[in-house]
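Single chain ahead, written as structure tokens, the form predicted alone.
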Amino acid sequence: MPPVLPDFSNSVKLKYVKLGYQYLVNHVLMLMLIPVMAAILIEVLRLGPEEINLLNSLHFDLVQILCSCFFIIFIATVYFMSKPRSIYLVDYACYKPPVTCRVPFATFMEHSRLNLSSNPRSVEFQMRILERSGLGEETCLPPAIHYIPPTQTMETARVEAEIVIFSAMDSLFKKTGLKPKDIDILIVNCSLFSPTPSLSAMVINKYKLRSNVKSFNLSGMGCSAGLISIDLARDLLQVHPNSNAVVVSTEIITPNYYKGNERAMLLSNCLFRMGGAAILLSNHRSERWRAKYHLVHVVRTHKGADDKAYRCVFEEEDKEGKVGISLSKDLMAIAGEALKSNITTIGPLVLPASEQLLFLLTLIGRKIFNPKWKPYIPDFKQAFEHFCIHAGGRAVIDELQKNLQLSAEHVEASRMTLHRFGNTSSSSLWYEMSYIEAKGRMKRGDRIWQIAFGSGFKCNSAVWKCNRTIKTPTDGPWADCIDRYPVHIPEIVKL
């Protein structure tokens, strides 16, 4: 028997219905204003000679005009003085390790067998992790880790810091024309290596920065410290006019390579790799015309009050007294809760009215009618053109792609960064941004969402807007390999 009613789900283009709904809700004010303006125009056209003569006969007192002008100027002055300063990202540079630092899978496993010869099970565990990690054959570790056993001294750690940070800074100076004396604010973040004098002092000494430079060194804040540094730079640039801020984000691997047998600590050896980035921020209005991006929002979420969240990424000693970073089995669940809290805050700031209304109606429906209703997940693709998800690991990217309902192209930059450079901690977001630029996808007006996770436990977001269409760069970390990407990354790479 044929159905009594047609199948409307197939006959009606629901995609276009949704697009029409979004356009209607997002432009409701403009659509309401059009008939009002049309009515006013019609009434003006219908004015007779008597009404026109009456309008011409009106006279205004000079004092009233001056008072009105003064009031308008006063309101405009208050508005512009209270408005936050615009923060521009002029440019940034990512460190590209030399080929001599490469650790192909075969090299990594050979070194693991030699370093952990007394525990073959730990070697086998690392091999299984590496097979499923999503990393490629070109990731790099610092020179000191290539020795057998690794040379983990303060001297070799400083050498790695100097190589990474100074190379990134030199590239930034070259790209922007910035001179060391023009730096007013310097922020360096490195989670696990915190020497004395600090890394920021090392930069000041190398480039002979001014004695009144405002320097900050952030440590122990995990992979999300890069966006914390951006937030700190934004706050400082709000109170210091006509200033330049340089943010350096890196992680020094040398002193933190784990040589024990605890599986929870061996994970970091398989994922973390060498990298760093230097970013120039400015509040100079003149930089508006050459800056690549301007900062729109920074939202920070900290779940450290919860004991499980606090200890899910924890530096401690194992049973043999060897120091390592322990990654909890609950890490993904805790990251999901932190992301949920962060999205709750950032959603109203960036989502169009159509998505906010659907979310609100679903929330009300669950509270009043049926708590079992599936919660509505806002479509963040309506708010952003590009997503830079911290390349902390394959599982992190998979979960965010699933929960935010993103396409393969939206997470392409994160997956390819993990494949080519590994987890470079706080600097990974900038390798991802560079990937999008290298692909020629960054257009004027595009909105970018950077999402980072870190120990503590933290989830931080930054929203940028592209100032101009960015030409495909001829330098940078992807210059010699971008034509090979994207590559297919199998679920398991048998070693």
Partner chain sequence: MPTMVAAAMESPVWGQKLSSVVPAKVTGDNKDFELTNMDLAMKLHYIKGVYFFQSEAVQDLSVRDLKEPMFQWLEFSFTTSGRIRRSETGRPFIKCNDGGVRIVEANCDKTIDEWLATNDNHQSPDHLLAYNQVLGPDLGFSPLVFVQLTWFKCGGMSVGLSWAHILGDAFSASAFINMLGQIMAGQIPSKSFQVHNPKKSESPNPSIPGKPFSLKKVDPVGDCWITANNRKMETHCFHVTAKQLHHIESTTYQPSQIDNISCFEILSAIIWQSLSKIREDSGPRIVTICTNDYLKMRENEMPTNGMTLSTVEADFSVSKGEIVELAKLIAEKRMPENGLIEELLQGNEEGSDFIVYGANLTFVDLEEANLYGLKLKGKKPVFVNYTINGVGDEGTVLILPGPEKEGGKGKIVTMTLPEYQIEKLKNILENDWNIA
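The structure displayed is predicted, hence computed values, not measured ones. Positions refer to the first chain, counted from 1.
Beyond the structure shown, there is the form predicted in complex with its partner chain, which is absent from this document and is the topic of what follows.
Screening 320-328, 148-156, 227-235, 178-186 for residues having heavy atoms within 4.5 Å of its partner chain in the predicted complex returns a single hit, 148-156. In the predicted complex, His240 stays away from its partner chain, with no heavy atom inside 4.5 Å. Shown alone here, His302 lies farther than 4.5 Å from its partner chain in the predicted complex, counting heavy atoms only.
Though the partner is left out of this view, Leu114 does reach within 4.5 Å of its partner chain in the predicted complex, counting heavy atoms only. Of the heavy atoms in Leu495, some are within 4.5 Å of its partner chain in the predicted complex. Thr107 is the sole member of Gln405, Thr362, Thr107, Ser219 with a non-hydrogen atom lying within 4.5 angstroms of its partner chain in the predicted complex. Though its partner chain is absent from this view, in the predicted complex it lies within 4.5 Å of a heavy atom of just one residue from Thr77, Ser211, Ser118, Thr100, which is Thr100.
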